[in-house]
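What follows are structure tokens for two forms of the same protein chain, given separately as structure 1 and structure 2.
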Structure 1
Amino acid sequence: MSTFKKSLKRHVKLKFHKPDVVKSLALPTLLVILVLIVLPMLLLLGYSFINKEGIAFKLTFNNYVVAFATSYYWDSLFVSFKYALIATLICLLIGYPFAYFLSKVHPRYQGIILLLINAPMWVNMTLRVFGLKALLGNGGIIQQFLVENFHFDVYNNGVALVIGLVYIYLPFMIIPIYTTLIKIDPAHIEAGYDLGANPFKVFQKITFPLSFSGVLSGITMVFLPTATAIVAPHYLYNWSSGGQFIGQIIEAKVNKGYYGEGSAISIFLAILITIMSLTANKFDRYATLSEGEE
């Protein structure tokens, strides 16, 4: 009887301490989130309500008034979102078929193809943009050739920028879609064919809906960084004639010491992007679908 009690006590003790073990394992992640995300956002929020006057700091809401009332900022936001949307749509049109093809390739070759997709990301983004600048930027080899022979200036009309954004962020569209496609239970596809559906219907009714969460993830991972890009617009786009990106304006404000105004624009942009992301996730009807569920 005493042996049974000791065994029961040990079992209860282990079950009691199990949540503590899980919490302790989560501490490093929580610490990283706190130090690298929460704390900087709080500092940014605090700076957005401060104006520097000489050596004194003044609490004010004027930074947000300027951010909302200045038409130049809204024009910049429109330009940023326009090119981000174009780049995201092109990435989706290229990335989904490629991810679908990759999911059907023999597993032996999938790793090699994924390695080739990820290889450009091992090189610093600034270096890759400089490489594109030598080809498509102002005075670049391809840009000069197109201007001289076809009167088509890819630098001034934004084509070079779109090409650069697609080149940089295309892997961020392919990988999430590929990840969801390979997780689709083949039984769902077989059931579609057994019910008499043709390949197009199977893709329309089964494959694409079940991979939609990957599409949303890819759109988010491409749209957000392209809308706030700094390096690519600086070297691949004549912003003096077409308008600055919102990320360039924030950078310029901070470099000139206007921390409050730059922070207010950043906070407003973060709120706007968060609302857009949450709204996009509402469209995923299959987000909670797991294997075996109807």
Structure 2
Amino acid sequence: MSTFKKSLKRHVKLKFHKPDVVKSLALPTLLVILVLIVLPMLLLLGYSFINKEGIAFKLTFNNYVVAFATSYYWDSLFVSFKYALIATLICLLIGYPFAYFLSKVHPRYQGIILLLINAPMWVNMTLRVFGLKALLGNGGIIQQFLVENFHFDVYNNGVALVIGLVYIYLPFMIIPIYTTLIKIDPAHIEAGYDLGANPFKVFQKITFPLSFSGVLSGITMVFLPTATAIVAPHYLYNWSSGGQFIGQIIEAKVNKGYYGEGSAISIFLAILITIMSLTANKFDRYATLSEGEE
């Protein structure tokens, strides 16, 4: 036994350098992670505490104070989160039934419908907003028609923006939900019916809980980018009267060279979003847990 152990040890020692070579394959990735992912975050954090006066740098909390003592930022956060929340809810209300019905379509056609949902995403997002602007933006063909005939101004009341956000991000809601729905074992559903549940009960007790992780990742994938959008609010919504999106404010600050304030808001956003996705993950863990138990 001991000789076996010894030979095994020698074998391991001999082989030791080989996995090291494989490990070293990650070096370029480490470089990318260090210089282009970790360093930017550190710099953001650093800049957010620095006040630049001429060439002298001064340590300060002023950027955070300026950013959050004024109602300006809170208002803009409120506006961004309000629209993001509405858009996410509508995406969910349309996206869930869509994914559900899609999973019931003949398998022969599911692939192509999924492709039809994906395909518009390959047309540049800015190009699509450009198309929408001509329809719903200020002076757009539908917007003018509605103003003239119904005194309903989609550009000024924010409806155009909500439609635009839903239009752009709906696929991000549909796809994760659909992926979890088709993974559900039909036996679970049949078992529900055999035990006497009606279709509503089956959906409530079996289908929906099993697709919940898809719903959560859909919500994160829609909410985060909509809350920080720049292009859609710029063209589909009267932000000069309705309040700017947080992304637009960061854009304006950075373009004027106020890196400190821009960094402070960015850090705040990053922390907020980390908390949100951690919370989502927690729920998600319960979802996978219940899946595992069945």
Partner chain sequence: MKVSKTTKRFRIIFLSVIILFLYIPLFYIVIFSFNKSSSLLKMSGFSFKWYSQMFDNDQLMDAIWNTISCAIIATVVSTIIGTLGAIGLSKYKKNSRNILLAATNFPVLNPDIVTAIGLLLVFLLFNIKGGYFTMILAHISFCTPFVIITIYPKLKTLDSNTLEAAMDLGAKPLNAVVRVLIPQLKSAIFAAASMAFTMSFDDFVITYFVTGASINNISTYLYTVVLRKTKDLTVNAFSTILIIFIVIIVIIRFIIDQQKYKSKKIKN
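In this text, all values refer to a predicted model and were calculated from it rather than measured experimentally. Structure 1's sequence is the ruler for residue numbers, which start at 1. Think of the rigid core as the biggest set of C-alphas that the two forms share within 1.5 Å after superposition.
- Of the two forms shown, structure 1 is the one predicted on its own, while structure 2 is not.
- When two forms of a protein are overlaid on their rigid core, residues whose CA moves 2 Å or more are considered shifted, and Gly257 is not one of them between structure 1 and structure 2.
- With the core held fixed, the Cα of Ile33 is displaced between structure 1 and structure 2 by 2 Å or more.
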